[in-house]
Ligand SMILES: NC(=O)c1ccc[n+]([C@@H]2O[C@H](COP(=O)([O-])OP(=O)(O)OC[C@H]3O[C@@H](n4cnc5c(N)ncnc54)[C@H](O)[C@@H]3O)[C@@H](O)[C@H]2O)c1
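Have a look below at one chain only, the form predicted on its own, in structure tokens format.
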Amino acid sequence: MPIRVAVVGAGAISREQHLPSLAALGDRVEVVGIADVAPDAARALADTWGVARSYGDARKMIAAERPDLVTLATPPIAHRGDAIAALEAGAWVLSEKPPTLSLAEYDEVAAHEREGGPYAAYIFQHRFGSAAVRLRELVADGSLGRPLVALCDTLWFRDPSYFAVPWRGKWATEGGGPTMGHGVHQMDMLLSLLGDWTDVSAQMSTLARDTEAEDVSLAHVRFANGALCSVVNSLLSPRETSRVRIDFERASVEVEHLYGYDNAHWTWTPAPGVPLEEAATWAPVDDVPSSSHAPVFAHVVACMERGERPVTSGAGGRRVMELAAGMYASALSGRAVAHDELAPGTPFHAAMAGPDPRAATARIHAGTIRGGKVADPHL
């Protein structure tokens, strides 16, 4: 029997990624419904893809169709409620990023999971590209030596009209700025390679866009394995690029791309003294790009068939939310923040903006935060 799938959201991501990725799975899945708050859009998309039923309400679709899997292609504010509704109905979830608006919401969703499924997983496609998969293998077996220095940059450009969409750049609907909505892809891939972090020191500012949250963030991150990393997330960069570079004891490995990579975007540089014949074995054999959601969908469906937790659910999906929360906590408090300061009941576990979103906006808008004080932007 095919896995019965319900799609929530009839926008570009559903058209360009969710439905094509499901179609690539062939008769392993059957799309049984599409829902959107704009019923006409849901009906039009359903007609295009030959889906029999459409709905103007996701909860009604879940109740009526009783799907096995619900995919969420909606703004972040909608993820928590629809994910919980699906899990309570016994359906697995595959959601767009960011997973939720806060760690507290993430944990609330996770509390509705059950051993063996259903689970809620999240679409962090960059970790599924073949080069990233191969690099994780080399990190795990120690072939490259210890990781020492890393860079993680998401340097994108969004003009003022981008923020005319009402939910963008607002604490209550997106959870933050590019740290939440854009940089999470590179940050997730970095974390999948380097593991847990111990402390972070960050700065954020709103330099050029009309938005409640930041339009640029910078951070220094220390990992449990000792590696140090700089992270930059910007929406103000006309020459757009996405980059992750890690300098190991025995090699530098770097990927630079924009919204998705293939093997050609990666550079593998052995350290002096490393035999070239050994370095030649590092590159991946397959060439699976990261621009498509298809590998993520295939992974989740395979996990459903086996009753296993997907790698981007649970702790695997939470790790990038923890780093984002740590960055906001550091920037808004003006000090380094340790990982264990984000426990349940703490302000930045509850919300990326902390206890007072208005105060968070005022601090970020005032200028770069240094040493616990807001710097005078005129100095």
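Each residue number is its position in the shown sequence, starting from 1. Values in this document were obtained by computation on a predicted structure and should not be read as measured data.
Not on display, but discussed next: the form predicted in complex with the named molecule.
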**Heavy atom of residue 12 within 4.5 Å of the named molecule in the model of the complex** = yes
**Prompt:** Closest heavy atom of residue 336 to the named molecule in the model of the complex, within 4.5 Å or not?
**Reply:** no
**4.5 angstroms heavy atom contact with the named molecule in the model of the complex for residue 123** = yes
**Request:** Although the named molecule is absent from this view, report whether residue 74 comes within 4.5 Å of it in the model of the complex, heavy atoms only.
**Result:** yes
**Residue among 311, 44, 350, 37 with a heavy atom within 4.5 Å of the named molecule in the model of the complex** = 37
**Asked** Pick from 293, 209, 127, 245: which residue has any heavy atom within 4.5 angstroms of the named molecule in the model of the complex?
**Response** 293
**Complete:** Of 111-119, 231-239, 144-152, 79-87, the segment with heavy atoms within 4.5 Å of the named molecule in the model of the complex is residues 79-87
**Message:** Heavy atom within 4.5 Å of the named molecule in the model of the complex: which residues of 86-101 meet that condition, in order?
**Reply:** 96, 97, 98
